[in-house]
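As a starting point, one isolated chain is supplied in structure tokens, in the form predicted on its own.
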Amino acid sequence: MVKTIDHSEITVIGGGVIGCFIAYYLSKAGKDVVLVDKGDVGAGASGANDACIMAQSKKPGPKLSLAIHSSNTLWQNLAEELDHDIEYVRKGSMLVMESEEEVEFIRAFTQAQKDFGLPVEFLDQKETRRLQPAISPRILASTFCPIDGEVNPFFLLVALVNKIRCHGGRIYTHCAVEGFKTREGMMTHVATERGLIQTSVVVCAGGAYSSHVGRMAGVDIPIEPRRGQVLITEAIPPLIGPYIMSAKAIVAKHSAVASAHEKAGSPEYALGMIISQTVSGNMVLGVTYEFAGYDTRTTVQGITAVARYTSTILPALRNLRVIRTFSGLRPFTRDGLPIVGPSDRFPNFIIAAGHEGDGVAVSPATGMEVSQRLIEGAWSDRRESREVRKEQVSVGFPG
């Protein structure tokens, strides 16, 4: 007979920033929470990202709303709230353009964001170089968003884990989920390699692996992995102010998945660009957009492409030494929107995944929203949950 290793009110599957924030806010509110992960906390995309908290990379909609709320209300006070230095800095971000076609596209993209409520301004070439003196003369224009920032994801996860435990939550790492037990259309237990966890609610925050978790429950979660390769250089004195992203990255980020598969081998499509500098002085350079299944290896082609492209934008990078490379699997959805809400099949099986490369940026607001809805019982009615499911898949949080 399989032993029961724990009893919880809510079980969160996934130890990335989304899962940890959900568990944190729930435990802070006095809920009995268990967090499980097949590896270490932060071993997935949350520990393999560019550390940037960016609102202006997002289209108007749920993710942009979450990013604005996180930046304006949550990120600035998190270090104090968590009693831990998370190396959060708010220097803003710049989106740079290299062609007239990109200028035209980004003008419209930025205007839509401004209409949505994002504080962002369009800068000509002279204004761009004034704000970012080290930038290449090939850059024709840029946009600047002052609310964007950067964070140390490892410090952040350590702080969240400490607070979850402080509030009575339990965390099981290296504890793979193997299935579920159900009764009368509701989940009753999470089956792990260590034993059963009896629970009233299950939250799937498994990132790129959420579809695997869903299949164990017979639930279709349309998420697939998209690999992003990143490199880290030696530490140097301050080189840039706001971190830098390319218009190409926006095109790659928001293109349809069908086109992505067709063009996955094209460097023009598969390569975006982001340049940031950590508090310690290391340059963080990325990033590729690749459909390579669940392969987390870096490649010579990918890393070389990142190094070459970023050094054309910031020529001072050419003589720096690379000290580390890594890749992460971003949870990609076809419409670019996160999937948040109860599943069709089990009303107490809540999905919170599909944020792709925006997980860190929107994680505080997502964690707060999901926890509040669970606390308020907003997803407890079986008929209502099934009726609104299609809206949740397409727009994020239903009204």
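What you see is a predicted model, and the numbers here were worked out from it, not measured in a lab. Each residue number is its position in the shown sequence, starting from 1.
What comes next is about the form predicted in complex with a small molecule, which is not displayed.
Enquirer: I need to confirm a contact call. Of 275, 164, 177, 94, which residue comes within 4.5 Å of the small molecule in the predicted complex, counting heavy atoms only?
Expert: In short, 177.
Enquirer: Out of 370 to 378, 26 to 34, 337 to 345, 48 to 56, where are the residues with a heavy atom within 4.5 Å of the small molecule in the predicted complex?
Expert: Single hit among the candidates: 48 to 56.
Enquirer: Taking heavy atoms and a 4.5 Å cut-off, does residue 10 contact the small molecule in the predicted complex?
Expert: Although the small molecule is absent here, residue 10 would stay clear of it in the predicted complex, with no heavy atoms inside 4.5 Å.
Enquirer: Closest heavy atom of residue 39 to the small molecule in the predicted complex, within 4.5 Å or not?
Expert: Result yes; residue 39 sits at the interface with the small molecule in the predicted complex.
Enquirer: I'd like to know whether residue 197 contacts the small molecule in the predicted complex, with contact meaning heavy atoms within 4.5 angstroms.
Expert: Contact with the small molecule, no.
Enquirer: Are any of the heavy atoms in residue 359 no more than 4.5 Å from a heavy atom of the small molecule in the predicted complex?
Expert: Close contact exists here: in the predicted complex, residue 359 approaches the small molecule to within 4.5 Å, heavy atoms only.
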